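One protein chain, two forms: both are listed below as structure tokens, the first as structure 1 and the second as structure 2.
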Structure 1
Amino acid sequence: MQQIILLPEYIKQLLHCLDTRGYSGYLVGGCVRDALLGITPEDYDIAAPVPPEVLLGCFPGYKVLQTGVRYGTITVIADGHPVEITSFRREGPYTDGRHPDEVAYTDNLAEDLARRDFTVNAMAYRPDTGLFDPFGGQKDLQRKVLSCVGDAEKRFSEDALRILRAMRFCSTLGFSADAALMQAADMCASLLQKTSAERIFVELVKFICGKYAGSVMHQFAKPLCTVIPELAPAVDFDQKNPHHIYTVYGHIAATVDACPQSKVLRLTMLLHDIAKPYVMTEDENGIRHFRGHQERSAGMARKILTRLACDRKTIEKVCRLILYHDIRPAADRVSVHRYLLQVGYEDALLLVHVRRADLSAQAPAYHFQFSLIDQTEEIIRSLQKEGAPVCVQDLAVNGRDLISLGVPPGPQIGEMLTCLLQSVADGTVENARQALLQKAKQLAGEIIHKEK
């Protein structure tokens, strides 16, 4: 059946620019795959039988970025969208398992597609000639199967990142890897040690954010544990604890699937219990305990994410969420307000997702606690709506007010503000200027009294 892909006007115009110069450009890779799956492509990649120096001159009137020109790629900004346009390339020899030794150009489309990773990513499309699918990508799309273009082991040996890309596509598209790919992924997993942290992290994040990441974690445990060796002891680690029905790795995978598909939350779940095998103790009844695993997991997460070149902001957030993932305040106003003093609104709302995901992957006997989490969330939201203070800056008084009451400048100011904040959380004083000043006077009196 002839496939028709509807293209945005700005893409048609870029193809037209090439056509007028006598070159046939094709849409290739992810946009063809996604369009055939009925998913609107996030971006469009074009390939053309044109050397990069010539490509540069094919788009007059457009802003052209030359960033990848050494590898045959230019970026044209069309209608505000960056579109990558790449010269047809042939696979050069790989000696380092990371990048081809040289970039070799070709004018043969089939050759360009042959160097691509998976059959579903190795299709090309032009409105006038339709789909070009020399490796059976369309059939694999229909069967929801991911298979390599050519020999899987050879392709993974050339570039081990393709293993992580396979995990990513299985996780995001819900495809299963074919047997040859699966076998080659295990065989070649150790080659990932040579792949750069930056490339790994980009694919790891895409993988972990996929809808099916948890189940893919089971199939691809070996490559994942090559990228994160600290995770290996979790595989098959029996928790021997009434709260748990899964191994540590199984629990982690189930929590990944159960939480929203955001980078911070998914990385948090992936690493939240990673230290459990390292801190385990077993009591006289054979029940295992994991005291301190929150701190240890947060520490390990920091090391792992730093090594993987994760950005600072994400590291800080993930580590905080891991550190606090097991705090379960009672579902009453005072307890939740006190909890908010520790974690703040933003993290408290993220931790609601973390706790739900964590609980869903624990023994069903404890699932009654879902309602406690729901109530906690409701209280957090209503405190937030009221503007209840959760840090000293939110108080209706500040350090200067205390100094004008006669409190000497210095650490006592901070201590007193904290004390006022706690009193507000406990409901013993309102967050109102007069009430707080009165309370402050009383506290100052107590301090002076104590000092005498």
Structure 2
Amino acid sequence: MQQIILLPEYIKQLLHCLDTRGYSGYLVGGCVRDALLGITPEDYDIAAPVPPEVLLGCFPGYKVLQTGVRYGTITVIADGHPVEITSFRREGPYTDGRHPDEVAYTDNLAEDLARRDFTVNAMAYRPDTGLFDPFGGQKDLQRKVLSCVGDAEKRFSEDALRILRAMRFCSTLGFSADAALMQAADMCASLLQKTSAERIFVELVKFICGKYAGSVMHQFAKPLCTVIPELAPAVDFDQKNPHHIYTVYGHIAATVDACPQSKVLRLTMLLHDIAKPYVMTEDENGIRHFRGHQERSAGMARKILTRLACDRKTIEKVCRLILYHDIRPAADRVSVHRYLLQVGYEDALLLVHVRRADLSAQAPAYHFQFSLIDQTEEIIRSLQKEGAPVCVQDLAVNGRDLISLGVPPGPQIGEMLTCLLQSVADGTVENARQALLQKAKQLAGEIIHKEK
């Protein structure tokens, strides 16, 4: 594996600032890992055998922020990039499950790396001396194995969020967790209950958006069900239905992998069938049914995402997609247009992804429906290109036009606009001003006749 890491000029300059003062700075952590994997690092972290009060004076001409100086970390703004620079340190116990109670500074790089979470994050690099890898991180990168530095249970006891970080690295990098890490993750999973919802949700989103999230869900079922306990009944739940070949949890995991790696879509698939074990009924033939699971799943998703401090916009979008995920309009223009009146263009196109992912994790005998989904998407895009109306605001007439026809202001205006929109969707009237006004006159006449 290549050990020459190309560094941006601003990082070289920061290392030079330390070198000129007699201190050897090292690139550490994720930037070294990513560079060795051929991934351009999103950011760079530097560690140096310098106490923080001395670090503050090592970068003249740069803006220096005392972001974590209590724990030996400062942030230097270099060429517009925030770069964290940390003193080599040893750490005491983590009583609060997140921060060490005390920090002792050291000039020993190996001691500093020994406090880190995973071997692949416990490597250091300098351009002149190359890679420093005391815990076999490079070998683990080559094997695609994630293992903890030292005792895995101790690492997770220090900060249980590291369990979700392990899930994230396996999900995004395609790594497998070693046996010691998995055993410790299961043993320490309950500690996640003491971790803040905000921290959990950030890592959960990174994990669920990884390329291999679905397969990692199986390996880390216990920690995931600790974070989302409502998922636990799904793990071994046999659907006993001809449409399905997986347990509910297996189906969910497969759909997660099958949809695009976006926050909204992945959260939708994670929660779209979560209510199935709660609404199941079984008929006289032993076939299980899940009527109303869409509405119940949407309601459960709202509670779960709110508990996890998800932003309101994401909650609304995810719950809406879950609510409509099982609606399958016929693949003809009128049916699809009527469907669009319910969901709109944006959500309809997202639901195409949801339906494809859902179908991909069902019995192969039903995969012929992929062609129907393709046809539906084609019609949606055609209607969108035409500018076909999907809400009353898209109509070529408005409430003032109806009032000018003699329709009294009030609820009847909205009702009539809705009728006009439905008529356009049904193909019985064109979305053109004169055609709509003519139709409105007819509707107004009918209303007057009824009132008489």
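Take the two forms, find the largest set of C-alpha atoms that superpose within 1.5 Å, and that set is the rigid core. Nothing here was measured: the structure is a model prediction, and the numbers come from that model. Quick note, the numbers are simply positions in structure 1, starting from 1.
Of the two forms shown, the form predicted on its own is structure 2. Here residue 429 does not count as shifted, since its C-alpha moves by less than 2 Å between structure 1 and structure 2 after the core is aligned. Relative to the superposed rigid core, residue 178 undergoes a CA displacement smaller than 2 Å between structure 1 and structure 2.
Relative to the superposed rigid core, the position of the CA of residue 110 differs between structure 1 and structure 2 by 2 Å or more. When the rigid core is fitted, residue 46 shows a C-alpha shift of 2.6 Å between structure 1 and structure 2. Taking the core as reference, the Cα of residue 55 moves 4.0 angstrom between structure 1 and structure 2.
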